[in-house]
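The chain that follows stands alone, in the form predicted on its own, written as structure tokens.
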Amino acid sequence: MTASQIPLLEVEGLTKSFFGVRAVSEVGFGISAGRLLGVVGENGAGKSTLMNMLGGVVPPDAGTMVVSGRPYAPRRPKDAKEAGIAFIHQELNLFTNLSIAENLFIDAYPRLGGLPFIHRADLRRRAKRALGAIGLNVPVTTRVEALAPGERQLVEIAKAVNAEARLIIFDEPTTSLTHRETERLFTLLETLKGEGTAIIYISHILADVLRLADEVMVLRDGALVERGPRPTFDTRRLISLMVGRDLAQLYPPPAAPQDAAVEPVLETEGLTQPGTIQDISFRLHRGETLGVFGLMGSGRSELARILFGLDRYRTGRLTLRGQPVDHLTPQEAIARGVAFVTENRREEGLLMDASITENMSLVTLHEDARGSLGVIQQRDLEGRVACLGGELRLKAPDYAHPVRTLSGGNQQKVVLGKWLAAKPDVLIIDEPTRGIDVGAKYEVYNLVRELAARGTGVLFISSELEELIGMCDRLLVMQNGEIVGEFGSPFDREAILAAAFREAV
């Protein structure tokens, strides 16, 4: 066995349970220097728990780990760092109010001699060298809050390289990156591999895993179900292994057209907010799924916020169920049957430390209050949430647990659940499947189909064109805050992309 074939990390029988529920069950694998191991699985499959054990965030209940031939049992993240293991989380661990240099050396500032003062010149010099190693050409004094998402990702990688990490774990690294930033990241990963760094790459984007990985590992229900060289896998096989069944069709078939499909539930005419959106006019009909596509910065999310009353518009007309509305507020939008699933579910869609029950009852809490004092009927509330959770196929040991204990896919179900309970006439969903696995995506798509079948008009915003084509009856394309194209089925992909890239190339 050559030196490059000797495992840098060996794992055997790793097991972990939370609240009596097995999250990881007897998982074993190895990875050598200069190799990239792709890890895939549904939300809740155990990927994050497994990596948290490697990174010293949580201790295993059973099993062993060996790094470079030596026993490895981290009790805290610092132990992982000392062993040469770095973990780059999906939510980056950077202090946005500090400079790049300060973030790079946050736990080990260079000192001025033996004095308790920071050697600023040395700090900047070493930080510049670290950025040069990963190809980021920005001043090291720049505050992190001024960086683009891709640049922030590179700062995290620079921290790992600066700490001389031999193994770097990436958890959904491209979630917030543009195409150009993603390609830059992939080039850097190849460079790191060439320098002998081992990489564990976790992603729901199966095409990226198949492109990058030397070896692929599939987890399902906390167990390792398959591991092998990349050429032995394709997308169809990965999906089948992840969900335990063959998904012959990722997108559920649409329901039969509604008799009331011609009735508009939402109309806009000339909706304008200078610098944000310009002359937006369209109709959303009852039972219709209308897609909105466009590049980052095209005005998609800004339009959604205006339609829900979070932001104002200066001129134009907005009509809901045939009734003109002016200066809509979120409270009025909810009262008029409008629901909004925001792009950022953690910060805008959920109370992360509140229970599942509390989150799912946020919109309809008044229905469980009785009497002049508005006392909440807890038993009624819990029963209603339990029924809704069953309809959503929500995977949770107990609805009293904080929503932060759930996987990303199940968190998204909670967000959808609180709006489903309100039986909306209009559902606005912004990037509803971002960061969730293919199995959870299918369930979200099913929920959207069911809502449309009940007569809800769905405004479906996404940056994934295939998703929109698979789910929508019509498509609007936005560019620079304007609608620059409207398309119907059968969709012309080339024409849609040409409209989206107009003035952006």
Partner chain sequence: MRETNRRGILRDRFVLGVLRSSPFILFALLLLTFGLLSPRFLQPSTLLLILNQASYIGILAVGMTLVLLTAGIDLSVGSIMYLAATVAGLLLQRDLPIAAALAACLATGALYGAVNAFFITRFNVIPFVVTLATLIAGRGLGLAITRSEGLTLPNSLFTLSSLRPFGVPIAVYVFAGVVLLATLFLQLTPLGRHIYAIGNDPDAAEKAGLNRKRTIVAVYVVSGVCAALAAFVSISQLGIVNPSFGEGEELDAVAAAVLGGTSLFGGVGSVFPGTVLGTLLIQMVQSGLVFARVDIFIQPLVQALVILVAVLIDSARNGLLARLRRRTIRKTVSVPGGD
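Residue numbers count along the first chain shown, from 1. If you're wondering where the values come from, they're calculated on a predicted model, not measured in any experiment.
Missing here is the form predicted in complex with its partner chain; even so, the following discussion is about that form.
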If contact means any heavy atom within 4.5 Å, which of 96 to 104, 388 to 396, 162 to 170, 196 to 204 contacts its partner chain in the model of the complex?
96 to 104
Which one, P252, G84, G337, P77, lies within 4.5 Å of its partner chain in the model of the complex by heavy atoms?
P77
Within 4.5 Å, heavy atoms only, which of G409, P424, G222, G299 is in contact with its partner chain in the model of the complex?
G299
So in the model of the complex, does any heavy atom of R211 sit within 4.5 Å of its partner chain?
no
Applying a 4.5 Å heavy atom distance criterion, does H89 contact its partner chain in the model of the complex?
yes
Does any part of G485 reach within 4.5 Å of its partner chain in the model of the complex? Heavy atoms only, please.
no
Can any non-hydrogen atom of Y109 be found within 4.5 angstroms of its partner chain in the model of the complex?
yes
Taking its partner chain in the model of the complex, which residues along 272 to 293 bring a heavy atom to within 4.5 Å of it?
Q273, P274, G275, T276, I277, Q278
Relative to the form shown here, do the C-alpha atoms of A146 and P274 sit closer together or farther apart in the model of the complex, given a change of 3 Å or more?
closer
Note whether the distance between the C-alpha atoms of M51 and R404 decreases (closer) or increases (farther) in the model of the complex, against the displayed form; the change is 3 Å or more.
farther
